[in-house]
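Given next, in structure tokens, is a single chain: the form predicted alone.
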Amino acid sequence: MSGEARSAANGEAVLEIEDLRTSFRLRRGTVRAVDGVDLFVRRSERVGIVGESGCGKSTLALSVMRLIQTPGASITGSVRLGGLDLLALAEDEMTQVRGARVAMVYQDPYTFLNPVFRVGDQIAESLIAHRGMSIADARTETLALLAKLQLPQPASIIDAYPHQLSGGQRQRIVIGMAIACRPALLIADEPTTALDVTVQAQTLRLIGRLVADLGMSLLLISHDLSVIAALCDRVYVMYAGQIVESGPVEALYGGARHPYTSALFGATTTLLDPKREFTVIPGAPPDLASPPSGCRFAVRCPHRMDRCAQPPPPFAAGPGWDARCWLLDETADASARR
């Protein structure tokens, strides 16, 4: 476990993940989509996971929710929610946890919502199942929640079907379903991907306000560094199924330590500086059915050294941050020689 993960004891952790490994048996071999991840989220903390597509972010979230049902899939390690070991629960026990103690907002609200049920009934279902409300009380609570979601004319929206709403409205319904029972942890997996830029900003502000108002913790997954910066306190950088760097947002944005994190920043455009040239990360991520034994970013890294082909180094730690790169070891050796 990294030094930063061990420091979870310094604050009350809502979510603690240790050595999480999620793999899929395919004809071409076993794909290790999540490979030895350590991660924690404190109470009322907002934590981001950032990385390019295919790095394992969504698989990690689905593993926490126990929603991977693919034949041949395997999930090992420890996932503790407030001390409860989610991987050890029977499926009926996990069903009681989902929605009540941990909930998830998905990328595409249209595929998540049931097209033949009114959106109000889909929110009320969770209130009835987890909070034991009557149908009438659940409807009253749903109306109040729709107003909190800043949806226009809640009395009309509650009886609408998903196809009658805009993309932004459907995403707010999905958010409402997730927060209806005020879970301790909200997981948001690329919650603005399917929305236009203006609606994205509104939705992110809404999530931030709801998390603060309800005292929830947030685990936000995104490939967009600006989204993470806007909402999160800490961030984990994920590459090829592994965490390569983590720490407070301001520490990473003030000076990334892992070459992959630096490359992500270099490949990001910004409206504040539209003339800035950005660089493309060369090559492609490794095949996770046969990953390299050394650093998985080495073949794409401009700072590659011979020792990068060796097993990766342990995490180097600083004030609140961790990074896993031989380059940091070289820097430390140079400093010690001075």
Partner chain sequence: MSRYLFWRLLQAIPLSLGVIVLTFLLIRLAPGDPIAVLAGERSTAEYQAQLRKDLGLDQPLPVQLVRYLGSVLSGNLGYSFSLQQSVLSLVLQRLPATLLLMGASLLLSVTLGVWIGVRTAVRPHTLGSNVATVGSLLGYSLPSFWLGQILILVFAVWLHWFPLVGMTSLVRLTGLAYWADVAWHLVLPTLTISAFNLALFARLVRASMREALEQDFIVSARGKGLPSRIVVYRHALRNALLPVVTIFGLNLGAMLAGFVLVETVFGWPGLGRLTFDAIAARDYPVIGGMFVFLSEAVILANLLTDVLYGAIDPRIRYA
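Numbering follows the first chain given and starts at 1. All of these numbers come straight from a predicted model, not from anything done at the bench.
One more form of this protein, predicted together with the partner chain, exists but is not displayed; see below.
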>> With the distance limit set at 4.5 angstroms and only heavy atoms considered, check whether 91, 130 and 161 all reach the partner chain in the predicted complex.
In response: yes
>> Considering non-hydrogen atoms and a 4.5 Å limit, which listed residue (126, 217, 192, 242) is close to the partner chain in the predicted complex?
In response: 126
> Among 66, 300, 307, 42, which has at least one heavy atom within 4.5 Å of the partner chain in the predicted complex?
Replying inline: 66
>> How about residue 95 - does it come within 4.5 Å of the partner chain in the predicted complex, if we only consider non-hydrogen atoms?
In response: yes
> According to a 4.5 angstroms non-hydrogen atom cut-off, is residue 255 in contact with the partner chain in the predicted complex?
Replying inline: no
> With the cut-off set at 4.5 Å between non-hydrogen atoms, does residue 106 touch the partner chain in the predicted complex?
Replying inline: yes
>> Given that the partner chain is not shown alongside this chain, does residue 76 nevertheless sit within 4.5 Å of it in the predicted complex, heavy atom to heavy atom?
In response: no
> Of the listed stretches (143-151, 96-104, 243-251, 228-236), which one has a non-hydrogen atom within 4.5 Å of the partner chain in the predicted complex?
Replying inline: 96-104
> Is any part of 171-206 within 4.5 angstroms of the partner chain in the predicted complex by a non-hydrogen atom, and which residues would that be?
Replying inline: 177
